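Take a look at this single chain, the form predicted alone, given in structure tokens.
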Amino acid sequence: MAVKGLKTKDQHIINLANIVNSPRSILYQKEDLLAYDCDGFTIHKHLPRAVVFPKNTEEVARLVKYCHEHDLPFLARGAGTGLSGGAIPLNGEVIISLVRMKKLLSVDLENRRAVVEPGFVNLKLTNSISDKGYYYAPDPSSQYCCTIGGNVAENAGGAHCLKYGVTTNHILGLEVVMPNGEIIEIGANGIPDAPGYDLLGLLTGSEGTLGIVTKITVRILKNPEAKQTVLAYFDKVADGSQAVSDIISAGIVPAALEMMDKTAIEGVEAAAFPVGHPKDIEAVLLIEVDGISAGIDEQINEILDVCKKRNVREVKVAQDEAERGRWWANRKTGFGAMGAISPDYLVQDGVIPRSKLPIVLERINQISEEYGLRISNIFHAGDGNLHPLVLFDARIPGETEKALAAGSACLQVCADVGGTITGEHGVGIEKREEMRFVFKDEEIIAQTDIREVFNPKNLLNAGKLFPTPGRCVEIKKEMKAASTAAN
């Protein structure tokens, strides 16, 4: 029996609605689909065929199986906060939205783990267990609204990943619906290191191209005994950059070591949480240390000494939790704050060796001048994860293309100094061609071969992660011919 209330003759939509058993669990009219034509990467937009909202793993599996059997392209979507276009329906996909699967299923304090559904919001996990003295470490800037399922897909990081690692370091188990509808479990009972291939590592960060995660077992941590935060102002970006390397060289591993340049400071001071940063300052460092109480003061004093040796204009320690909270709120609004000083912006995400910070930042400044576009730098300085934000106005003909070219040039610089093209935002569609900056054709072929093992029909989130076919296809034919000849 068909679900009542549908206004369509599309039999596939009718059948998908039957699977979720509610007309309120599927969207298919254009005015409803417009909200799903992109994620946080808004330069490209494509309408999906439909958006379906399953309530549980079984419904996800049935939806996937139906799409697989009828050759319908499909993809999973969380909160849509991704910044590389990973959830954009390039091929008119059926979007399987996981936002209704948002339960905290269990908390095991003794073994320091929790089980959540993919639509569970990142920050909500910490808020749910903080009164018991625990927290969840991965903290992307969008943690107040991004989902843990999306974090798994992109292997999200955050300000505190310098000390605590990115999402993959906190995943103990996954329940996954494979592209044919089969349900599998990896890392059963929260034991991720079973003999065999590292499937947890493979699935985490695969950007929704190998399977759809429907249940996640995560590691939770005990709240640190003590925590202190330092704010340091520098008149020169080079001095601030060198202070970053000096702090790490001194044997201090802060929980977080963040940096913003002058343009970024202009943005955050014009947005929701200004803290009074000097308008003429070139760089600000936000440094946090945590751990047992004994030794924290000593680390803070060492950090203060390093900053003073690098010509710091002013350096101060947060006097209480309220002040520390204001500083972090200011930093966490960094990306969105660009909207206060520019009609549009493009967020990039590259990684470099810390020692190359002064060189790379100078080169990014040159790129800004070459393209005639302002570039703001907000980044996780401690682990060299840069976020150049290219500011532009899409209403001006040609500026969008210039912004994309400038962003690509920034990634080329990262690759040239021994870095890579993404640290936490993923490749999606934004950086597909830039994959050639760091991988040879043969290496890209090896990765697409892995995808074909999981996703042989290439119906799940096709067109993401890898460069458009061309040279790779020719090389693959040559390799196959050579193998045949050898046999």
Partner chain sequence: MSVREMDIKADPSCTTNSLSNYLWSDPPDENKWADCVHCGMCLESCPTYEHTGQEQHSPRGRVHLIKSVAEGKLKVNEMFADPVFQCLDCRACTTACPADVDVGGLIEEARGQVRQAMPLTGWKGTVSKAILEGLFPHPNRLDSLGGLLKFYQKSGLQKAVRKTGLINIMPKHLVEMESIMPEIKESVRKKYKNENVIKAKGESKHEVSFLTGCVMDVMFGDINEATINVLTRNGNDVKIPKNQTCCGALHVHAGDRETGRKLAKQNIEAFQDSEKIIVNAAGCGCMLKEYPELFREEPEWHEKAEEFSKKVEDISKYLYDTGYEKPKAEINKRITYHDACHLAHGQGIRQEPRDLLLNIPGVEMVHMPNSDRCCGSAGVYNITNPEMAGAVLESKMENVPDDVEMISMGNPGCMLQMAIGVQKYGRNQQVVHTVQLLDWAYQKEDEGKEGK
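Note that the structure is a prediction, hence the values are computed from the model and not measured. Residue numbers count along the first chain shown, from 1.
Another form, the form predicted together with the partner chain, is not on view; read the next lines as being about it.
For the chain shown alone, Y345 is a contact residue for the partner chain in the predicted complex, at least one non-hydrogen atom being within 4.5 angstroms.
Contact annotation: R395 falls within 4.5 Å of the partner chain in the predicted complex, judged by heavy atom distances. For the chain shown alone, E59 is not a contact residue for the partner chain in the predicted complex, no non-hydrogen atom being within 4.5 angstroms. When the partner chain is considered in the predicted complex, K102 lines it closely, a heavy atom lying within 4.5 Å.
Look at 330-338, 360-368, 314-322, 230-238: in the predicted complex, residues with non-hydrogen atoms within 4.5 angstroms of the partner chain sit in 330-338. For the three residues G40, F53 and S142, a heavy atom within 4.5 Å of the partner chain turns up in the predicted complex in every case. Between the options L373, V121, L72, A137, the residue in contact with the partner chain in the predicted complex by a heavy atom within 4.5 angstroms is V121. For the candidate set A79, A409, V115, L90, a heavy atom within 4.5 Å of the partner chain in the predicted complex is found for exactly one residue, namely A79.
Along 6-35, these residues reach a heavy atom to within 4.5 Å of the partner chain in the predicted complex: R24, L27, Q29, K30, E31, D32, L34, A35.
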